[in-house]
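As a starting point, one isolated chain is supplied in structure tokens, in the form predicted alone.
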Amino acid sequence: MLDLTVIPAIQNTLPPVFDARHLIDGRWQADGPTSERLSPSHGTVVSRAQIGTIQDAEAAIAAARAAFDDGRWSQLSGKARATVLLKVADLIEVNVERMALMETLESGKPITQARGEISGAADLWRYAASLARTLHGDSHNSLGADMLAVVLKEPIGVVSIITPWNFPFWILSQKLPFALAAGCTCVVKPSELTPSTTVILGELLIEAGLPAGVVNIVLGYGQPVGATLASHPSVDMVTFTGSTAVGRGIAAAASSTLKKVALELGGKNPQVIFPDADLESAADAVTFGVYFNVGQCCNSGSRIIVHEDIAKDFTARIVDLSKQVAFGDPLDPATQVGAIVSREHGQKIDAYVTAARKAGATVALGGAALQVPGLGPQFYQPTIVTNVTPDMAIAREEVFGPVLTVLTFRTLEEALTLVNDADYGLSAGVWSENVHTCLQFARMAQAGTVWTNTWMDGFPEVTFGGFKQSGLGREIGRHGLDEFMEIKSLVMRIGRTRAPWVRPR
């Protein structure tokens, strides 16, 4: 028997199958073929969604274009927009249980995690509302007695929002309320694997009084819906969260019209552990960082770089803690780690581990699928891989599963070389009680977020995004709002003080 903590299936009555529809110009539409989503943890149909066409996407874009151009949203005051966003936040909190259950059933994540993400997303909407009230540009009153210039921030226009399956509602809430706070109109395409909470949000937007056409939802696949949203000339900006490979495709599709592109992509995020660190806290954070959301997280702490003096003992701590993490039925509140999103993805995770083992790495824990009593086989064991070299795929590529790789270092310079020798630059962490070590690491690490003596703490005020192939642009915080703005300079002459260029003869 495995020496792991496994939560078997509990007796639970699942809700009726959720019917997910398009929302176009304020009207729900349910024409044409549908797709069914099987719960990765329970193996039963939990939602049925419309499969969008190019025509559906174009109709949604046209609705968003008309809604932006006539000013029904873009020309409202910041106060008026904020009032709607605050109503949405309140409605999200009222619907936490309903939305969390659907997200758990579609994604396989634990119900307690889903509740935290849904309720926490309400804070993103409230923060975006505060930005709508405080949005401002700049003035230049030092250009001379006869000149005054004002730099204005205006909404960019129609925004396509394409979201992933791993955090369906949270990531949507990192984008949509900020676009709305700016005055943009939007077309949203959620992942075909997890459409339901986006559709429920559409219901809440209508209830909150958002004008028709301001937010439109088109369900379906990347081809043709996502491709249309990325390439259509009536779209002014596309924002996408997902894999780096798909992000490249989005950027290529958008290039034909030179629209603005914001991409939040993959990561191979390191945590560097020094001997003087609080090793108990570091071990707990590393364990959380690699298994949170089954490792299906762009911010997953999927590789640790440990000082060689403590590497053996620290790895043993992680192995021991990993055995105590509760894997199993996502509907049980005691579960900490749920199911892999699909069998195909589980096979991809296992292929990385198998290749590493063949290349000479050691699987210190796990390395295989996990059978949870009473549920399907779509789970994967907590896995720790040691004796890893920096050139191995498992040390360089995004596995996107509950798999931790362990490398070692001797000096800060060597650790930084390992940290920065990557195509990605989303986040990084350092553990040391020496503030100078932490500051030097933070200054030199090539990552959009650097955590010191913590991991994955985030706040609506603190901007998020990556370096290198981890993406373009930023989300949340004031910089996240600015992504949805165009800058316009207004230069004004005071009085008739301009000397004539053409002089009479």
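Each residue number is its position in the shown sequence, starting from 1. Owing to the predicted nature of the structure, the values given are computational and were not obtained by experimental measurement.
Form predicted together with nicotinamide-adenine-dinucleotide: not shown, discussed below.
- Partner contacts here mean any heavy atom within 4.5 Å of nicotinamide-adenine-dinucleotide in the predicted complex, and among 380-388, 235-243, 76-84, 91-99 they occur only in 235-243.
- With the partner removed from view, the residue among F274, F292, F400, F314 that has a non-hydrogen atom within 4.5 Å of nicotinamide-adenine-dinucleotide in the predicted complex turns out to be F400.
- With the partner removed from view, the residue among L375, I394, I250, L131 that has a non-hydrogen atom within 4.5 Å of nicotinamide-adenine-dinucleotide in the predicted complex turns out to be I250.
- The three residues P164, G266 and C298 all sit with a heavy atom within 4.5 Å of nicotinamide-adenine-dinucleotide in the predicted complex.
- Interface residue remark: E192 is counted as part of the site for nicotinamide-adenine-dinucleotide in the predicted complex, having a heavy atom within 4.5 Å.
- Contact annotation: Q223 falls within 4.5 Å of nicotinamide-adenine-dinucleotide in the predicted complex, judged by heavy atom distances.
- Contact annotation: A208 falls outside 4.5 Å of nicotinamide-adenine-dinucleotide in the predicted complex, judged by heavy atom distances.
- Under a 4.5 angstroms non-hydrogen atom cutoff, nicotinamide-adenine-dinucleotide in the predicted complex lacks V353 among its neighbouring residues.
- Contacts between 438-468 and nicotinamide-adenine-dinucleotide, taken as any heavy atom within 4.5 Å in the predicted complex, involve only F464.
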